[in-house]
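Take a look at this single chain in structure tokens; it is the form predicted alone.
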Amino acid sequence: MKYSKPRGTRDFLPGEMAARRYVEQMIRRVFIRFGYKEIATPTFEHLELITAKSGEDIVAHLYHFKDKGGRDLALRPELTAPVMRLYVNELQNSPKPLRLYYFGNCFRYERPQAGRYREFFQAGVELIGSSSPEAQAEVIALVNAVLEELGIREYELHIGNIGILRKILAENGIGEEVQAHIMGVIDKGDEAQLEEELNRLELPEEEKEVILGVLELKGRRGEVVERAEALLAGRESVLKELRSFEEILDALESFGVKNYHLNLGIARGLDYYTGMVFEVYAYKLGAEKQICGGGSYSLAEVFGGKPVATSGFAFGFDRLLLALEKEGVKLPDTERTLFMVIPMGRELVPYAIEVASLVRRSYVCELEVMRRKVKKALAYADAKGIPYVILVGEEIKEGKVLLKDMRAKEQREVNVEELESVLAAIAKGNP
């Protein structure tokens, strides 16, 4: 019986994995340059940890199960909650700020489509311990630095502040649980449902107009702030939140990030965000255009820790790769096989193994292990696109091998003692 992979999952072939690992390492390098240290958490967690602040939509799409001890567990749908659980368990007393990064797979039982899978991968960071404008701005600047490093050009960075909406709702006596529900509706972009929810809350018409007006505040900084100040006139606590938000934007511009859009309609689909939020869109991806999202939040106290200011984000790694593909960014094949060693007789296999071992100290090298005739082994190398073949013949007893250029159809004798320097020159010309 032939088995197929589960719906919403993927197999990755060698070429795909080479590209994924290359991009992953580029992202890691940028995270490390900013001072972030890698952590890892379990693939599954206790169900109550995941449901505590994940938002209605995410909870509805969990993979959850009971283990043999009857415990309720869930595959992680994102990584922020597990990271903060790790922080509360292991790192609360560490010097602040903590800069942590992660890379891992996540699971949501959603309808598979382009750019959306049931098993997907995230790369992200959490900056724990500071609510300063520069700390929050650094997180956004880090996103920008990653995108520049990858060579993605056609994207938009949208920045908002969920704290403004939360303060308006709080002033109207709306508790955090209902606020979270409203934010989930806003995140879905369902205007009709939002109208229904606001009517159900029996808010004064003026308050509904202010909330809907805030959601429409989108564009360049000067224009949006001016309109926001007019709309929120007389609401001192809300205006204070707006002024704090502007301090973050000032710091962000000091980081050199100036090409952004303000979008006060961003809500995010997770319940724990409290202030600044942002999303990155790559419009060439169509409906599934979001490649990154994050913001500032408070979560440690939900998991039994002391309250601590935190900012973070996660890249949708799969969508990042799609964005690179759509923009035509060419990724180098860092696992490309440059050389192949072929023994020209069975008695020469031990010598061929020694030569292959020598080459493998520095370069990707295949050894002929199928015991094919030389002609068939060369045909294999040609089919695989291996540009250079080292033939180990009787010359090896004199300390020499034959180096064959498969593209030029030329070969020459090379002393084994000089082989490393010859191969280095070849590799330099074949980046």
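Think of the rigid core as the biggest set of C-alphas that the two forms share within 1.5 Å after superposition. Keep in mind that what you see is a predicted model, and the values were worked out from it rather than measured. When you see a residue number, it is the position in the sequence shown, counting from 1.
Keep in mind the form predicted in complex with the RNA is missing from the figure; the text below concerns it.
**Q** Going by heavy atom distances of 4.5 angstroms or less, which of Ile58, Cys365, Ile27, Ile39 would be at the interface with the RNA in the predicted complex?
**A** Selected option: Ile58.
**Q** Select from the listed residues His181, Lys96, Arg336, Arg116 the one whose heavy atoms reach within 4.5 Å of the RNA in the predicted complex.
**A** The residue from His181, Lys96, Arg336, Arg116 that makes the contact is Arg116.
**Q** Check for me: heavy atom within 4.5 Å of the RNA in the predicted complex, for each of Arg111, Asp187 and Lys373, yes or no.
**A** All of them do, each having a heavy atom within 4.5 Å of the partner.
**Q** Counting any heavy atom within 4.5 Å as contact, can you tell me which stretch out of 282 to 290, 143 to 151, 125 to 133, 211 to 219 lines the RNA in the predicted complex?
**A** Selected range: 282 to 290.
**Q** Is Gln411 a contact residue for the RNA in the predicted complex, using a 4.5 Å heavy atom cut-off?
**A** Answer yes; at least one heavy atom of Gln411 falls within 4.5 Å of the RNA in the predicted complex.
**Q** Considering non-hydrogen atoms and a 4.5 Å limit, does the RNA approach Leu391 in the predicted complex?
**A** Contact check for Leu391: yes, within 4.5 Å of the RNA in the predicted complex.
**Q** Spell out, yes or no, whether the shortest heavy atom distance between Glu78 and the RNA in the predicted complex is within 4.5 Å.
**A** Answer yes; at least one heavy atom of Glu78 falls within 4.5 Å of the RNA in the predicted complex.
**Q** At the 4.5 Å heavy atom threshold, is Leu49 in contact with the RNA in the predicted complex?
**A** Residue-level check for Leu49: no, no contact with the RNA.
**Q** Using a 4.5 Å cut-off on any heavy atom, which residues of 334 to 364 would contact the RNA in the predicted complex?
**A** The stretch touches the partner through Met344 alone.
**Q** Do you see a C-alpha shift of 2 Å or more at Gly393 between this form and the one not shown, with the core held fixed?
**A** Not so; Gly393 is displaced by less than 2 Å.
**Q** Please state whether Glu56 has a C-alpha shift of 2 Å or more between this form and the one not shown, with the rigid core used for the fit.
**A** The answer is yes, as the C-alpha of Glu56 shifts between this form and the one not shown by 2 Å or more after core alignment.
**Q** Once the core is aligned, please say if the CA of Ala314 is shifted by at least 2 angstroms between this form and the one not shown.
**A** Stays below the 2 Å threshold, so no.
**Q** Do the C-alpha atoms of Gly293 and Gly55 sit closer or farther apart in the predicted complex than they do here, given a shift of 3 Å or more?
**A** Distance between the C-alphas of Gly293 and Gly55: longer in the predicted complex, by 3 Å or more.
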